[in-house]
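Okay, so we've got a single protein chain in two different forms coming up as structure tokens, structure 1 first and structure 2 after it.
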Structure 1
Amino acid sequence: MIEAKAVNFAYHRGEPVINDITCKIEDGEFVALLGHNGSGKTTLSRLFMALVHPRSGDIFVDGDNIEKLEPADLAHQVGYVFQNPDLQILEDTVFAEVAYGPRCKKLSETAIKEQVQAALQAMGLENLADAYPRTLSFGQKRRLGVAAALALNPRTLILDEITNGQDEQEKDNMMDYLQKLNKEKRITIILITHDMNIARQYAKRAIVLNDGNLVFDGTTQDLYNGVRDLKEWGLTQPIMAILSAAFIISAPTVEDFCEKLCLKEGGER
């Protein structure tokens, strides 16, 4: 569980970035953290991970105030994948990069090997274990960041724009795997994204920030009902949401929509 209570934050005594935000993310949720560029969503996620600390208010992880903690203190609870994957690369091989966290936890080499191989396989990087991480493509580096977080077996994953740089197949594979982790292992997923289709299809709940203010906290079904005007928050309605509302069909994907539309038309005949 991650909770923010009346949190305010500003960088270097400048303009406020986070304004009096209160919210709670329970264990096992799949949450999309949304907002326009500069809305404060990445800053809020960094507060959740103790990468920065509030100017006022409190952040709690599993009921404990993290005001005096550092990211390393939370690594076994919260995994964080940066928007820029190069910021996380520390080692000279893909295997060593993913093994870095487990080795810091002083796990046995057998356990490290098992966890690293499982994480690499999940992200489709098992054939690149010996590669130099900085020579990977941008999309591969993103998947490497996710693999490194997965290797620590955290209870919560915070993922900042991880589908950027992925082709459609890679994107689907990654999101399907995260959904599986969420459903089968009840790992909490906090997904920062500008992809409204991804948010609508996978997340059950959305938290929307606008200029540092929390303006929406509810179900993605309510957010993407095809009726609500999201432009004032710098968001757009997914095409599928608009079509689903127009035809009164609940469908997360194009395939589901076409199938249900055909069934509906067939039934009316």
Structure 2
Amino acid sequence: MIEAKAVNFAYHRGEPVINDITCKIEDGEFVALLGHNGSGKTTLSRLFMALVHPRSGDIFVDGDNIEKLEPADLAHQVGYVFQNPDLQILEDTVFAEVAYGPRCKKLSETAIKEQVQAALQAMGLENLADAYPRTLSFGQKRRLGVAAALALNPRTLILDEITNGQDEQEKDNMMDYLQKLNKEKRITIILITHDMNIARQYAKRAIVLNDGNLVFDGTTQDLYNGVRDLKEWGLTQPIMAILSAAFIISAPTVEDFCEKLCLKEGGER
């Protein structure tokens, strides 16, 4: 569980980038953290990970105030995956890369092997354990970043623009893996994204920031109702939400929409 209470933050005595934000993310939730560029999404996620500390207010992880903690202290509770996978890759094999975190925690070799294999399996990389990470495709590197975070068995994963720059197939693969982690292992997923379609399809809850202020905290169904004007927050309604509202059909994907539309019209696919 991650909780922010009246958090304020600014970089180096500059303009405030987080203004009095209070929110609570419970265990097992799938939350989309949304907002325009510069709205404070990444900063808020960095506050959750103790990469930076608030100027005022408190952040709690599993009930403990993280004011005095470093990211390394939270690594076994909260995993963070950065946007650029190349900046995170250290080792010469996929296995060693994923094992880096457990080794930092000085786990036994048996425990390291178990946790690494579980993480690789969870992200579909078990056949690439001996591969040189830099030869992986971009999507595979992204999944490697997630596996590396998972190896420490965190209860929460924060993912910064995890589907950016990927083709549709890889996006779907990644999101399916994350959904599986959320549903089967009850791992809390906090997804920072600009992709409204993905947020609508996978996340149950949306937190929207606008210029450092929390402007929406509710269900994605409520946010993406097809009629709410999101332009003032720098967002747009996903096309499927607009179509669903127009045709009064609840459908997360294009395929669902077509199927339901055909059924509604009494036709066949």
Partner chain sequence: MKITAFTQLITVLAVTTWVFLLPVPAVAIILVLELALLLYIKHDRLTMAAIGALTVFTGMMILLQLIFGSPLSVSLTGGLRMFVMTTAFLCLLAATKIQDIAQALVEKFHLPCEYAFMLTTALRFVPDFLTDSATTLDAQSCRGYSNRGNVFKRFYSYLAVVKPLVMRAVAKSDTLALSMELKGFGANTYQNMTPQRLCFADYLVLFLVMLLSLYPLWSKYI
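Computed from a predicted structure; not experimentally measured. We call the rigid core the largest set of C-alpha positions that still match within 1.5 Å between the two forms. Residue numbering: sequential along structure 1, first residue numbered 1.
Chemist: Just verifying the output here: the form predicted together with its partner chain should be either structure 1 or structure 2. Which one is it?
Modeler: Note: form predicted together with its partner chain is structure 2; the other is not.
Chemist: If the larger rigid part is held fixed, by how many degrees has the smaller part turned between structure 1 and structure 2?
Modeler: Rotation between the two rigid parts between structure 1 and structure 2 amounts to 16 degrees.
Chemist: Can you give the CA shift of V116 between structure 1 and structure 2, in Å, with the two forms fit on their core?
Modeler: Value for V116 between structure 1 and structure 2: 2.7 Å of C-alpha shift.
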